[in-house]
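Before any questions on binding or motion, here is one chain by itself as structure tokens, the form predicted alone.
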């Protein structure tokens, strides 16, 4: 088992490598491999893995790239994520990718899929819509058709057909991946000082740039390291972060919240890696149907999903209770319509049960870290003094 510092160094390198060196090297090692980029939030990577592909999360440029060309493609009153991604596409960071998936998050991402098509980036550009009707005979049929389209897209690239055996095997691997990530979160719930939220973020994000087999080994090594006592507990409050499911916060923002006296015991930073709650059936004659059923019945809550019949406010409250959180921090990207439109209802649910909360906004490439640290610090102190 490698020392934790060695693992973190590696994860940091692959997670923030905007040239995707690991993935591009992986593709060159065999002739029929396919490289498929997908945007936040959730995408069933199993279906790409099963057809000899590697699904890579394109999470934006963050504070690692200056945005120049990208600003010419979008108006100023939207989030920063699309500008960063189009900048990456225009400066050839995404060259050798065979295709791109644009999950249905908001209109900005829908427009970005059209720009990739016009710029002829990749051999296919698929806007991937999700069912908002969770009836299996309606939304389930629609979702099944959307998954078929993806497998056909990749088949046109590498000639590899989707098989029952291969998809079952891929589902097994990703079931393991989700279990290991949740085990890390469960350990951190009890002992958050053993692994910082910043380091947790790096570890989970690294999984979007490497094979699931490699990531599972890393997660096992991390668990081996943090099951042993290390570090010193501090007089911090425990918080859940909500609203950062798409455009990713700068590391400095996460660090600022921690330095202000908050243990982040749950979050939606890398929500796609934790979207399915529990296992997908992995030994069935219809694994595609199993992926559909898991999405309809085991999805987490998100502002990108219609929540009729299963209100996300109540689910956020339950999550905070399950994690023994002292409060909720609403942290959304500026101009993120889905998150900002949901926030008032989420806050009402927190108020109804007496869960303290605070909110602020950020850009992926910058943040008013001093101000945010002061706000989070005041929030922490007020809970410790008066809660």
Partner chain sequence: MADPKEAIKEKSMVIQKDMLANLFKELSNTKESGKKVVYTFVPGNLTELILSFDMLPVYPEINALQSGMRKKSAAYIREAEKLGFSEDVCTYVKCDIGMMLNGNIGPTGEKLPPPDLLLLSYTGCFTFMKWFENLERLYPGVPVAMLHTPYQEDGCITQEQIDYMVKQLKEEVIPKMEMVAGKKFDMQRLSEMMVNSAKSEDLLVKILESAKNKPSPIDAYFAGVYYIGPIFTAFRGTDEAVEYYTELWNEVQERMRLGLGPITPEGELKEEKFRLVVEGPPNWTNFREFWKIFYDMGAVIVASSYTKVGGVYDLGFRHDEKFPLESLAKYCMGCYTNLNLPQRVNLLADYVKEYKADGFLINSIKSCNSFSAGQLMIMREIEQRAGVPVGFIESDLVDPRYFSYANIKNRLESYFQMLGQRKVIMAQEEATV
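Numbering follows the first chain given and starts at 1. Since the model is a prediction, treat every value here as computed from it, not as a measurement.
One more form of this protein, predicted together with its partner chain, exists but is not displayed; see below.
Trainee: If you check in the predicted complex, is residue 108 within 4.5 Å of its partner chain, heavy atoms only?
Mentor: Within the cut-off, so yes.
Trainee: Check residue 65 for me: does it contact its partner chain in the predicted complex (non-hydrogen atoms, 4.5 angstroms)?
Mentor: Judged by the heavy-atom cut-off of 4.5 Å, residue 65 is well away from its partner chain in the predicted complex.
Trainee: In the predicted complex, does residue 311 have a heavy atom within 4.5 Å of its partner chain?
Mentor: Residue 311 belongs to the contact set for its partner chain.
Trainee: How about residue 326: is it within 4.5 Å of its partner chain in the predicted complex, going by heavy atoms?
Mentor: Result no; residue 326 lies far from its partner chain in the predicted complex.
Trainee: Which residue, 170, 200, 125, 273, is the contact with its partner chain in the predicted complex, using a 4.5 Å heavy atom cutoff?
Mentor: Contact with its partner chain in the predicted complex is made by 125 alone.
Trainee: Would you kindly say which of 74, 185, 191, 155 lies with a heavy atom within 4.5 Å of its partner chain in the predicted complex?
Mentor: Spelling it out, the residue with a heavy atom inside the cut-off is 74.
Trainee: Counting only heavy atoms and a 4.5 Å cutoff, which of 113-121, 273-281, 170-178, 209-217 contacts its partner chain in the predicted complex?
Mentor: Result for this chain: 113-121.
Trainee: Which residues within 298-330 place at least one heavy atom within 4.5 Å of its partner chain in the predicted complex?
Mentor: 303, 304, 305, 306, 307, 308, 311, 312, in sequence order.
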